[in-house]
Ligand code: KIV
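Single chain ahead, written as structure tokens, the form predicted on its own.
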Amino acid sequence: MEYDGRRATDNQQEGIMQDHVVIFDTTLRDGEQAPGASMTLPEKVRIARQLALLNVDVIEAGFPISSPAQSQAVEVVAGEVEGPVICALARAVEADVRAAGEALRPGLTGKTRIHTFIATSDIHLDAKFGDARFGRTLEEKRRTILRMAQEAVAHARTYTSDVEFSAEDAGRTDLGYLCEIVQAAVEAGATTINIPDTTGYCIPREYAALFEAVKDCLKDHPSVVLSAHCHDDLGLAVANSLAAVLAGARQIECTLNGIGERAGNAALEEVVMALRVRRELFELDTQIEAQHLAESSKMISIAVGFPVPPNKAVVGRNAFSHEAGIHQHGVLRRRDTYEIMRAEDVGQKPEQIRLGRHSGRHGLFSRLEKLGLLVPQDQQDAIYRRFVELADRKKEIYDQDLYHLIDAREEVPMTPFYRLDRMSIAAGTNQPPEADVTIHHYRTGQDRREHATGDGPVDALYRAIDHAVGSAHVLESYTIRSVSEGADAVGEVTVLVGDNGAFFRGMARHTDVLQASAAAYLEALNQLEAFRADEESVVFVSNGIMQSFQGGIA
């Protein structure tokens, strides 16, 4: 049977796009174009399913003509992922459009889109269309580009009724010519017009003016959706996208964590939460299920190997953390003093009080209370003085440090509970990673050897260590960074292990990152065991009064 891509009706498309800001996710296409961000097919399918869980409207799954792997990715995503419209990118060239249409053939329920584009700025026309067949003068080249755009849109309409046209480098395109070419694309059948700031050159005011002008020149086509696609070369991708919405855009093209070419794209999580938090200003929202944002951010971070900066808006580890005493006091009394959105609404943990040299009494004693370390009023000044002294020596105060603050004993080097005596790790292309470890238990004087497999070498190693120490642990975070250069660079591994609301940190350096990973994990476990042992020596009563401190409080 002959393939007919025109299965999604215009009414369906109109219904999708009229009542909210459409989120067009291009993580799998533009996001993957970030250097080093390539993904495997299974990773792309997992990300696409996560995007469907997020309830994005459109997933741009790839650029089929660019490689067989890209074409396959679009085919698989179109055939296996339900919910969003699945989109394929194509230059305004017949072969590209055909490749996109064929790749979208398996599209479920007919929800497919072809996104075709061509450069329109004078800079691009001069640099990319120098061949005489495109014309010798600027005006001749413009006429050729306009015709190519029309033909590409018309060809795309033979595969699907949902066609998007992009004027590449619209931010630096002559405004009169931009209006002329988008009008021609709409008349050829485009249902969405994208006005991209391809180079991140625009500032919000002038980008908004572009949309106002294009909206005016398309006033006879009110059903056409205007789309913003912004890059972050000047750090303005999200600001420009929001300015476009205020000027009439009803679709924003963005990526998870803002990954993409050069400095990246507008970050999906920032766009979504800006529209939601400032709904009274925009009078519009998205259909995103925001509670999945943090999970989605972690997923793409793992897939492409780009760590999420701790200060990253919305999804960063510090996004809802407070260290300054004034901030801690305020947020403990009322969260919206310093939090404009709820952490749990984006999948983060609420009220993360981080203790350091800027923290005050409220933050300290609130955290102690959560740990069950209830300090009598007449002892609090002494405890706070010790806290300030410790905070001046450490970047961050962890839960095991807090326990020692209320213990009068002099600090002595911690006696370890476990020691790694031997480890071996095997990994290959056709076998699951496996680890074999021998752990010495200081309490019993015995050695215990265990074996485990895992999703990766570090996972296998940590599973084997858990078997050898006799209990499972929650790995809250694992980070690795190079602290030197060259093939024999030293790697620094930092882990955070959680236990009933308390957190224990381990850090180690080694030229062998697996050795560093094992040492860091064991340091955290030794901190945890020391905390448990010390905790048993202190007695508290439930009414909030400390009954006794071993040795009193200094």
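In this text, residue numbers run from 1 along the sequence as written. Bear in mind the structure is a predicted one, so any value in this text is a computation, not a measurement.
Not on display, but discussed next: the form predicted together with this ligand.
Across the options 268-276, 295-303, 192-200, 441-449, residues that bring heavy atoms within 4.5 Å of this ligand in the predicted complex belong to 192-200. Although the partner is absent here, Asp96 sits far enough away that none of its heavy atoms falls within 4.5 Å of this ligand in the predicted complex. In the predicted complex, Glu32 stays away from this ligand, with no heavy atom inside 4.5 Å.
Residue contact check for Phe117: one or more of its heavy atoms lie within 4.5 Å of this ligand in the predicted complex.
Mapping the unseen interface onto this chain, His155 falls outside it, with no heavy atom inside 4.5 Å of this ligand in the predicted complex.
A heavy atom within 4.5 Å of this ligand in the predicted complex is found for one listed residue only; from Ala103, Ala464, Leu89, Leu210, this is Leu89. Here is the short version: of His231, Lys111, Arg317, Arg142, the single residue with a heavy atom within 4.5 Å of this ligand in the predicted complex is His231.
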